[in-house]
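Starting off, we have a lone chain in the form predicted alone, written out as structure tokens.
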């Protein structure tokens, strides 16, 4: 069947597979409701899905949630996927298996088991450097304890063999104007001290519960300007199909915490080469992070024991071929012509914790 491309000639490259919609935090920009959707996929069904996506061109598998460390079968899934790895660096097959986590459940033992199962990369989330800022951004009461857990998780991952210098351990931070933008420089300093690439993410209009408004977005350009005024930066550009534009600190080597990355989903959208397919924990495929509720394709009819071989791959290929999503660009175009369509008249979006971020 070959590699799938969509209506804008964008190839399928990344499968973001959610393992659970549950989370142990209540971050205000995500606001999970703690409810697991019915009919969660089994291990066998997930493997069928990953194999079909790889056959259509997916080269990266990113395991998400909710909080994926709440999924007890995580290591089993990672180990089971190993036969799908690319034999040659440029050949078909998976080249990367990655995990995005809030880090609060990442013990030293869990980090070692994930590495042993074959996980290549882990990205941890931290939206502040003080107890008060962490509590505010994670929706918890004891921010100091949470901060300590995430800082410990960074070291557990490092000790387990996830090397920040090779991009195997990174730090995510969502920055919201008026909520935690005072943590911008402290987060950058923390990442520099610990030798980590920091990925700063604009506050996005995903879901319907987070009270998003344009005024709360601190643009990636302003983030770079603020940090660059403290530590001079050099642009490194955005890799094709990547989400982040990268900058290098002039006083640091890239391998030693010398990289800053910004994800400008709102202010400088990158829909033009987006190659990500999202599948929820209950098997609903979405072709855009900003998709409307109920607009995804239910893959479970093709994940039954009696489903004919190749039917799932065909359904995914057809879904991708019909894809034309470019919501962030459309939102920006609406703003540029002076309408409010991008902010107030847009259809509701599916929730971030359900889609897998």
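These figures come from a predicted structure and were not determined experimentally. Numbering follows the first chain given and starts at 1.
FYI, the form predicted together with ligand SAM isn't displayed, but the following is about it.
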Should residue 201 be classed as touching ligand SAM in the predicted bound form when contacts are defined as heavy atoms within 4.5 Å? yes
Considering only heavy atoms, tell me if residue 328 and ligand SAM come within 4.5 Å of each other in the predicted bound form. no
Contact flag, residue 210 vs ligand SAM in the predicted bound form, heavy atom cut 4.5 Å: yes
Taking any heavy atom pair closer than or equal to 4.5 Å as contact, tell me whether residue 30 reaches ligand SAM in the predicted bound form. yes
With ligand SAM left out of view, which of 153, 97, 259, 206 would have a heavy atom within 4.5 Å of it in the predicted bound form? 206
Does the trio 17, 283 and 313 actually contact ligand SAM in the predicted bound form, every residue with a heavy atom within 4.5 Å? no
Of these, 43 to 51, 320 to 328, 301 to 309, 59 to 67, which stretch puts a heavy atom within 4.5 angstroms of ligand SAM in the predicted bound form? 59 to 67
In the predicted bound form, which residues of 102 to 125 put a heavy atom within 4.5 Å of ligand SAM? 102, 125
